[in-house]
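Given next, in structure tokens, is a single chain: the form predicted on its own.
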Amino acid sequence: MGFEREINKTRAYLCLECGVCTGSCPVSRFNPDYSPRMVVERALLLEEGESIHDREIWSCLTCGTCDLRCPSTVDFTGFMRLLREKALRVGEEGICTHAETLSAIASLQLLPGFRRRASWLGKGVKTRKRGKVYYFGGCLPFLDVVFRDIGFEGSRIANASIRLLNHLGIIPAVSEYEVCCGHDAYWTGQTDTARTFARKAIEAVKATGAEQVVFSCPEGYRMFKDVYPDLVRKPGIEPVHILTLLAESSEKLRFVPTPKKKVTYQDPCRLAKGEDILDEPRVLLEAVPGLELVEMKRAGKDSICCGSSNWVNCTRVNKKIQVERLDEAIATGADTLITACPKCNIHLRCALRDGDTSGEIEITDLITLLADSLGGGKRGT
């Protein structure tokens, strides 16, 4: 059998075939051919070649719902990632979305001499080249190029993040040598590429003298905190998500009253399921005068994934997952759906534009909403 390493590393041999993973999986709800349990079973029972040529291994959203609910603590998402790694070696790969533009943008960041202009940070913020606190913007400015047509403005999230840090008296370091965190490469099985991203990202941050690195992106945060120590080494820098930092300093935040509106919140999988960052965004939303938070039917760790991941395999199944989530948000009666992940923002905006939902709802990023509520900024992103 050719899967001993993958089976042992992810505890796949503990699978009870109880079906909890399948019943929990957002993909399985709309695609009867996909089941986390069946992927494991086929790997255990079939020839190696049959499993790594199985197109369903690219359907997994890596949202982690199955991992949380598995009574045997099988790491299904880790198993799927390792299968993808193996599949890539024989020429199999997922179907890249957006004509491979986003994978090409990531690859360009590994070219010798790559540098990013500081202009993407926008106006009205204070940064420095060296300092104890670093702000990691990741791929936000590059996402603008691809998704401007649906109203997404990633650079404004970065600008808002630094405005909030400045409000707390923090002038963060930034680097023109910063690169992608490698999240998408890692979860699509491109482990060596992800390792290269990790080394370059750590090098860029450490060169500024930083002791703490602040993220507004859930994926970058989780890569630094949980993946890098296994992939390369411990970064030696404390990773902090900005929502945690803001919640801990909430007494220093002075929000101005906003027009009264109901809002609902989309928990990103990487924050809620992966890192238990659940209360922080809600504390911050409730601190803004005029906002009333109404929860969706499934919230927190039970939240539905935004329906797509790693820029691969965006199909009619993914669209159905997104529409289901948007319909849940609309059913709350909220005026606005708040997101805290760039990909959630993008995917839900895209599905809303397609017009298959039960109604309309505004989609806004949490970080920009908080920064704008300090006064002096245009609203929404």
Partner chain sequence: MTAMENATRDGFSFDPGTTVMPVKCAGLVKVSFLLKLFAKGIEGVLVLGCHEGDCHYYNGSERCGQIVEETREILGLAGIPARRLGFSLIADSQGKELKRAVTGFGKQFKTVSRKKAIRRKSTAKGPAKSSSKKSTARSRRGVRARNK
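Positions refer to the first chain, counted from 1. Predicted, not measured: the structure shown is a model, and the values here were computed from it.
There is also a form predicted in complex with the partner chain; it is not shown, and the following applies to it.
Only one of 194-202, 106-114, 74-82, 258-266 places residue heavy atoms within 4.5 angstroms of the partner chain in the model of the complex, namely 106-114. Although the partner is absent here, Trp311 lies well away from the partner chain in the model of the complex, with no heavy atom inside 4.5 Å.
Shown alone here, Arg233 lies farther than 4.5 Å from the partner chain in the model of the complex, counting heavy atoms only. Using a 4.5 Å cutoff between non-hydrogen atoms, Arg128 does not count as a contact of the partner chain in the model of the complex. The partner chain in the model of the complex comes within 4.5 Å of a heavy atom belonging to Arg148. With the partner removed from view, the residue among Glu248, Glu100, Glu292, Glu211 that has a non-hydrogen atom within 4.5 Å of the partner chain in the model of the complex turns out to be Glu100. Listed residues Pro239, Gly94, Gly122, Pro141 were compared with the partner chain in the model of the complex; Pro141 is the one with a heavy atom within 4.5 Å.
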